[in-house]
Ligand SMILES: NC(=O)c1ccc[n+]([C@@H]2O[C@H](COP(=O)([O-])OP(=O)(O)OC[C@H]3O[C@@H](n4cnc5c(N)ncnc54)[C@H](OP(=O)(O)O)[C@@H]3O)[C@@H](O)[C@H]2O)c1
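Here's a solo chain for you in C-alpha cells, the form predicted on its own.
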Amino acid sequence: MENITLGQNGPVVKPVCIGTWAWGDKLFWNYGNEYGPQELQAAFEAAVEVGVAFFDTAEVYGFGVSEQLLGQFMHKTTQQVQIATKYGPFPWRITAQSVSDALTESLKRLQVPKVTLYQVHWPFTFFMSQETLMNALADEVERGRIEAVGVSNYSAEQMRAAQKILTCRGVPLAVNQVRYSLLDRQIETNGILDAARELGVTILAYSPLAQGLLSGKYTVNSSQTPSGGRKWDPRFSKQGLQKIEPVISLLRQIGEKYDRTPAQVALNWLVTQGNVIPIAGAKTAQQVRDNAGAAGWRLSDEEWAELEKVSRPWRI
C-alpha cells in the first residue's frame, strides 16, 4: 500500500484515513443506539490489522468522546497508530495559550504525548487573529507535541494566508481538510485544489462517499433508508437518488472489473489523483476492511476520466 507524505515534508501516512466523527456522536449518528464501544473497538482493531491505522478525529466529535475512545483503544495495542485531530476556534478562545490548553486536553483524552496532525477545524477568526493562531501552532511543532499543522474548510485565499505565516516559522502548511467526492467537486472550481497543488498542501477529503450515497446502498428501488441526520438530506430523496443513478451505475460497472464495490471505486478515484487522502468513516470492522480495499490498486486513466465526466454536474 503506497504511503503519502503530508504536505511538503510532513509525516508519512496511509493513503486512506479512518474517520471517527461517528465515534461518540449521538446528535447525527445515533451513537449508543445502533452501535457502541464494542463495535468501534472492533473497527479500530481491524484498521490496525489491515494496515490503515491512520485516524481523523476532533475535540468536538461526541464532545470529546471520539478522542477518548481512540485513546482507550490505542492503549491496548503495541502497533503504530497515527492520529489527526482538530482544534475548534471558538469565540472564547482569544489567546495563544488557549490553543496550547486545547491541545493539552486532546492529548490527555488520546493518552499520547503528541499527534501526527493538528488541524484548525474552521477558518473563523472571532477574537483571535490568524497570526496568533498559526504562530501558536508553530510553537507546538517546536515543542514536539504536533508533527504537522493543518487547516480544515479553508478557502484558497485563507490557505495562502496561513501558509505565509507558517512559512516564516519554518513550518509549512501540511493539509487542508475539505469536503470532496464525486458528488462534491466544488474544490476543483473554487481554487482550493489548484492552491493546494501550488503550495504543496495535501487534501484530506471528508465525506468522500457523500454520506454513503456513493456506497450504492441507496437507490430509488432499494429498501435501505438513511438514518440519523441523513433522513432530512434531500440528496437521499427519490429525486436526489434518481439524479445520481448514472454515477452509481458507472461505479458498479467499473467495480465489477476489479471485484471492488462502488464505494471502493469512488474512494480510489480520489486516491488515484495523488496527494488526496479520503477520510472514510467507519463504525464497524467490516466498514474498515471495505475502506482499506480502496487502496493497493489504481483505476486506469480511461476509467478515471469516465468517472470525471459523469460527475461533472457536481463541480458547481
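The numbering used is simple: start at 1 and walk along the sequence shown. Predicted model only: the values in this text are computed from it and were never measured.
Keep in mind that the form predicted together with the named molecule is missing from the display, and what follows is about it.
For the candidate set 172, 212, 71, 240, a heavy atom within 4.5 Å of the named molecule in the predicted bound form is found for exactly one residue, namely 212. Checked against the named molecule in the predicted bound form, the residues 152, 106, 163, 202 give one hit for a heavy atom within 4.5 Å, which is 152.
For the chain shown alone, residue 15 is not a contact residue for the named molecule in the predicted bound form, no non-hydrogen atom being within 4.5 angstroms. Proximity of residue 24 to the named molecule in the predicted bound form falls outside the 4.5 Å heavy atom cutoff. With a 4.5 Å cutoff on heavy atoms, residue 116 does not count as touching the named molecule in the predicted bound form; it lies far away. Proximity of residue 290 to the named molecule in the predicted bound form: non-hydrogen atoms within 4.5 Å are present.
Partner contacts here mean any heavy atom within 4.5 Å of the named molecule in the predicted bound form, and among 130 to 138, 89 to 97, 193 to 201, 212 to 220 they occur only in 212 to 220.
The three residues 10, 54 and 145 each lack any heavy atom within 4.5 Å of the named molecule in the predicted bound form. In the predicted bound form, 263 is the single residue of 242 to 272 with at least one heavy atom within 4.5 Å of the named molecule.
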